[in-house]
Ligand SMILES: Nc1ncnc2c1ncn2[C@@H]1O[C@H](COP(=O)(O)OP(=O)(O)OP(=O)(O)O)[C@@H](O)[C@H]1O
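Encoded as structure tokens, the following chain is the form predicted alone, with no partner shown.
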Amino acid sequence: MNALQTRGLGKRYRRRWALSECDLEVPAGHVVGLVGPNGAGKSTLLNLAAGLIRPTAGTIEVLGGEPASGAQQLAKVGFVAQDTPTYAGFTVAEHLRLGARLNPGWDQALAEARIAELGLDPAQKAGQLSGGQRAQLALCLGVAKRPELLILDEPVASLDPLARRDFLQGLMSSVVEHELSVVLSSHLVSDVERVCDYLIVMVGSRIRVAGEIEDLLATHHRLVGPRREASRLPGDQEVIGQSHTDRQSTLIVRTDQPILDPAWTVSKLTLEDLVLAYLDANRRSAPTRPALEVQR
């Protein structure tokens, strides 16, 4: 079963398409990193998957069903929106009680154990928690729902590096223990590299590349050699990015076949290299460089 499947999916707000021509199949069982600049359509895709908005065009299925189509489908999906929303006036314990009332599959024992592990005071109000603690509380609520798919929309964007690390460690513990599928939207390539095994890159409201990270890294290469126009490469080598000097060419190519031309020095890409290659490929049609952060 696919965790997420779309066909011709699009969402328009007045004259602007926030998401367009989205064809995607993400098998269940993966931790998916969804990356791209602001305005690429990441949050729109996740809101469609959570059933918070309806598509303008095309179709979307989550775990084999239409998003938010009924109680059974709603129970399959956990969603943590941007800024890890919690209710400032509610205590930690009141958040857990609310979760129990709203979710028929709620696991109170799991929620309480997680809160104790995090060292959170059940009597403390969410408004008095640090940003990292609120993020952990939101993750606890999402996991205690016992979903099959957990959707996280930039949950750590505003956290400091230590809080981000703790959040991601908590996420991975939950993935292993509860066999969750996860879609994690992030501006931080380092976070995706740390926890994800599947990558989706979005630019300009469209999917630019998607696949298992191991496979993507194995099929993308950097070629450096004497100056040569990309049009002269074999047909099985898709050029993602290129730069040239008077005497030298540097190309980023995607191919399943070995590169046998001895004129090229061939090297592997890092995940950062791969993501930036697809973002750079879109620069010619954008007024400024996409704002994606690469942090270590």
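Since the structure is predicted, the reported quantities are computational estimates derived from the model, not experimental observations. One rule holds for the numbers: they count along the sequence shown, beginning at 1.
The discussion below concerns the form predicted together with the named molecule, not included here.
Please check if Pro55 has a heavy atom lying within 4.5 Å of any heavy atom of the named molecule in the predicted complex.
Taking the distances in the predicted complex, the answer for Pro55 is no, it never comes within 4.5 Å of the named molecule.
Is Pro27 part of the interface with the named molecule in the predicted complex - any heavy atom within 4.5 Å?
Result no; Pro27 lies far from the named molecule in the predicted complex.
Does any part of Ala18 reach within 4.5 Å of the named molecule in the predicted complex? Heavy atoms only, please.
Ala18: contacts the named molecule in the predicted complex.
I'd like to know if His187 sits close to the named molecule in the predicted complex, meaning any non-hydrogen atom pair within 4.5 angstroms.
It does: once the named molecule is placed as it appears in the predicted complex, His187 has a heavy atom within 4.5 Å of it.
Which residue among Thr265, Asn38, Ser231, Thr245 has a heavy atom within 4.5 angstroms of the named molecule in the predicted complex?
Checked against the cut-off, the match is Asn38.
When the named molecule is placed as it is in the predicted complex, which of 251-259, 30-38, 236-244, 267-275 ends up with heavy atoms within 4.5 Å of it?
Answer to the contact question: 30-38.
Quick one: name the residues from 122-159 with any non-hydrogen atom within 4.5 angstroms of the named molecule in the predicted complex.
Residue within 4.5 Å: Glu154, and no other.
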